[in-house]
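A single chain comes next, written as structure tokens; it is the form predicted on its own.
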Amino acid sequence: MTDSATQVFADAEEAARCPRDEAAWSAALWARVEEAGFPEALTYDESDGITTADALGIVRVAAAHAAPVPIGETMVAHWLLARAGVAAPSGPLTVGPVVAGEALTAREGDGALYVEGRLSGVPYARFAAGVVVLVEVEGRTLAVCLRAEDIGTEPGLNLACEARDDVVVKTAVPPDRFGPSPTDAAGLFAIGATLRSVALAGALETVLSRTVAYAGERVQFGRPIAKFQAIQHSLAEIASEAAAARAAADMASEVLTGPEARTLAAVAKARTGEAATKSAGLAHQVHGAIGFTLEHSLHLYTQRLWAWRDEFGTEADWSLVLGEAALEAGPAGYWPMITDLDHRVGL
């Protein structure tokens, strides 16, 4: 699956280049994504020969090529709808809420579900055929498929020129478009953190490879700058950060739900966010001024690192979750909490 994703996203980087006030998007790339069957990847299970980690590997590869399409959000939307027994519309999808504390209001009546409210920063909402949202109704969490015609969008962008739109909803949803959700809003937020962690790990791999290549090509004082010890130290630090981020993201990608999923998402988002901050700064130091120019590709990845580290919770947010878990575990449970995570998720 990773090899297939590499072929699909091979030329995605060029589509990510766009004017600063426009959202990057490629309909042609999305057509290839659908043709490859990637949107349904999370709906398969191990009996199909595809694990959750295999499916999320597609997200990592897409991020490693700066692909301007909502592949992770669409995969999660399909998974939510499949578990809720709702047919998914064709085309790119996205999910919400994506900001902690936000929620839509909903009530049932006359055979329909009345949904109302506003969500901020929904990824790629303007391009999506539908937004899958979670709402609480009488103690139940429902997954609701809002079609494009059911919502209004107010365009917005993140630092990397990816669409992050506000969504305004006031509509009646027929019963064949909602059902019981496999997770609640906190669980969806944790899944979003895992998605961004996997994407950060992918972008870090490209930042590392581009920086190593540049250090080997750029000559100063008669020799490549990679020969200087200070540059070698920076390259080694980026490599170690990328490796740590990949390990944390891979572990989180093993499970989407269950008691360990939130803890693993917290570990992954906190660690990949730290790696993004350190590595982006070092990569630009090695590249010098050329790394900031629009002509060079480095900014496509470092701007994504800076944007994604703050989406679905920052390092500080998830570090707080880990701290609370440690306090809850107590002196006797703290060490097992750290050392037994991999065993409990079956790694």
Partner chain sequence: MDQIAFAPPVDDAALHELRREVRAFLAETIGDHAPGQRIRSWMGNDAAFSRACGEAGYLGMTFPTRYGGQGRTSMERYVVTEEMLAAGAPVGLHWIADRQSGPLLLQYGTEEQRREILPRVAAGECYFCIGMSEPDSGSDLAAARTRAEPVDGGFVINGTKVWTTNAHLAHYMILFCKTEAAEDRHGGASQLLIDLSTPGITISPILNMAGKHEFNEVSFRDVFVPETALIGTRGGGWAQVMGELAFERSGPERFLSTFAVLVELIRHASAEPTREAKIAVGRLTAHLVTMRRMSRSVAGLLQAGENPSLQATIVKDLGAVFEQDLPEIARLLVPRPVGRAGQSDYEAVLDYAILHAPSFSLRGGTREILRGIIARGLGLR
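Numbering follows the first chain given and starts at 1. Remember, it's a predicted structure, so these values are computed and weren't measured experimentally.
Only in words, not in the display: the form predicted in complex with its partner chain, which the text now covers.
Taking non-hydrogen atoms only, Ala326 approaches its partner chain to within 4.5 angstroms in the model of the complex. Under a 4.5 angstroms non-hydrogen atom cutoff, its partner chain in the model of the complex lacks Ala28 among its neighbouring residues. In the model of the complex, Ala316 approaches its partner chain with a heavy atom inside 4.5 Å. Although the partner is absent here, Ile50 is not a contact residue: none of its heavy atoms lies within 4.5 angstroms of its partner chain in the model of the complex. Partner proximity in the model of the complex, defined as non-hydrogen atoms within 4.5 angstroms of its partner chain, places exactly one of 244-252, 149-157, 96-104, 120-128 at the interface: 244-252. At a distance of at most 4.5 angstroms from its partner chain in the model of the complex, none of the three residues Thr183, Glu260 and Arg262 contributes a non-hydrogen atom. With the partner omitted here, the residue from Glu274, Glu136, Glu108, Glu116 that has a non-hydrogen atom within 4.5 angstroms of its partner chain in the model of the complex is Glu274. Contact with its partner chain in the model of the complex, judged by any heavy atom within 4.5 Å, is made by just one of Ala270, Val132, Ala163, Ile71: Ala270.
Contacts of stretch 198-218 with its partner chain in the model of the complex, defined by any heavy atom lying within 4.5 Å, are made by Glu205, Leu208, Ser209, Val212, listed in sequence order.
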